[in-house]
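The chain below stands alone, shown as structure tokens; this is the form predicted on its own.
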């Protein structure tokens, strides 16, 4: 298990709060909370917040049933609880904490994913406060991965590669399976290789379903000659894997498939080659996109070329048009161009790459050919 320095992360967050002139970040259950403390939970109707003060110690405000759980899972020492019989006292604890630090009229950055119910309560309790988004400080902290984070991402990539190789090795045995059965096979093998879950519900799209970029899986039977698009990833220490391959497991592929696959593969390689420090996100998108447009498939490529990956499947940087964000060493992103011919088939090829000092390195490295 990779060990993360949550104390350093919290101090970095505090420094960032000072830099932007904010007094506190108030974080509800989310990847941001996991990043800062190691604790993760599903958003719930019960008020549960981490308050990171620009000056002072972090404080958890949680239902009393969480006290022991928070104490065991995090390094935060100040855990204030509200009784389950009196949930209305939860915001009173927040008010008391902010009053202690004279922040009732301060600048408070709220978790971007916080439920509107809670956002409304903050506005009601603190009418004189100035509100912003926690991403104003946390996005820049999370976007560049540390060596420890990269180790977890590389392990997630390796186990995803192992499963991809095994599925490729099934060859013609895949013919006759349903998309759902193959997706279950992928999930089972990810867990067998040590994944703590799946990064997302795997995509298995066969034949015309492969032309649907966000198709998951169905009871459609995989037939000979079907292009089968498979998009999946595992999880290691909370960090996600993500890769896509498009294969034909038996029979002859449909007309035009080989040309499309060759085009997408070239676009993928051009995109990977373009990833380097000080290169803008839009430049990488353009490098991949111009290959597909030159081949005449521009209208069939209707999503961005890539996205950042870490504790979330889709996080900055986003490799898309009109994004002039410069890439920096430590950033991790997908490169995944695709062509989708509605009613016929689709092709997508995806790897994760990490930006280095001189270019980038692939996290995934399994064959990208369409033949098993």
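Residue numbers count along the first chain shown, from 1. Predicted model only: the values in this text are computed from it and were never measured.
The following text describes the form predicted together with another copy of the chain, which does not appear among the structures shown.
> Hey, in the predicted bound form, does residue 68 get a heavy atom within 4.5 angstroms of another copy of the chain?
Yes, contact at 4.5 Å.
> Is the gap between residue 275 and another copy of the chain in the predicted bound form 4.5 Å or less for some heavy atom pair?
Heavy-atom contact with another copy of the chain at 4.5 Å: absent for residue 275.
> Would residue 57 count as touching another copy of the chain in the predicted bound form under a 4.5 Å heavy atom rule?
Contact check for residue 57: no, nothing within 4.5 Å of another copy of the chain in the predicted bound form.
> Is residue 111 close enough to touch another copy of the chain in the predicted bound form, meaning at least one heavy atom pair within 4.5 Å?
Residue 111: contacts another copy of the chain in the predicted bound form.
> To verify the annotation, which of these, 95, 259, 293, 224, has a non-hydrogen atom within 4.5 Å of another copy of the chain in the predicted bound form?
After the contact test, the surviving option is 293.
> Find the only residue in 89, 218, 117, 130 having a heavy atom within 4.5 Å of another copy of the chain in the predicted bound form.
Exactly one listed residue reaches within 4.5 Å, namely 117.
> Name the stretch, out of 161 to 169, 241 to 249, 204 to 212, 145 to 153, where some heavy atom lies within 4.5 Å of another copy of the chain in the predicted bound form.
Of the stretches listed, the one contacting the partner is 204 to 212.
> If you apply a 4.5 angstroms heavy atom cut-off, which residues in 40 to 63 are near another copy of the chain in the predicted bound form?
Heavy-atom contacts to another copy of the chain in the predicted bound form: 41, 42, 44, 45, 46.
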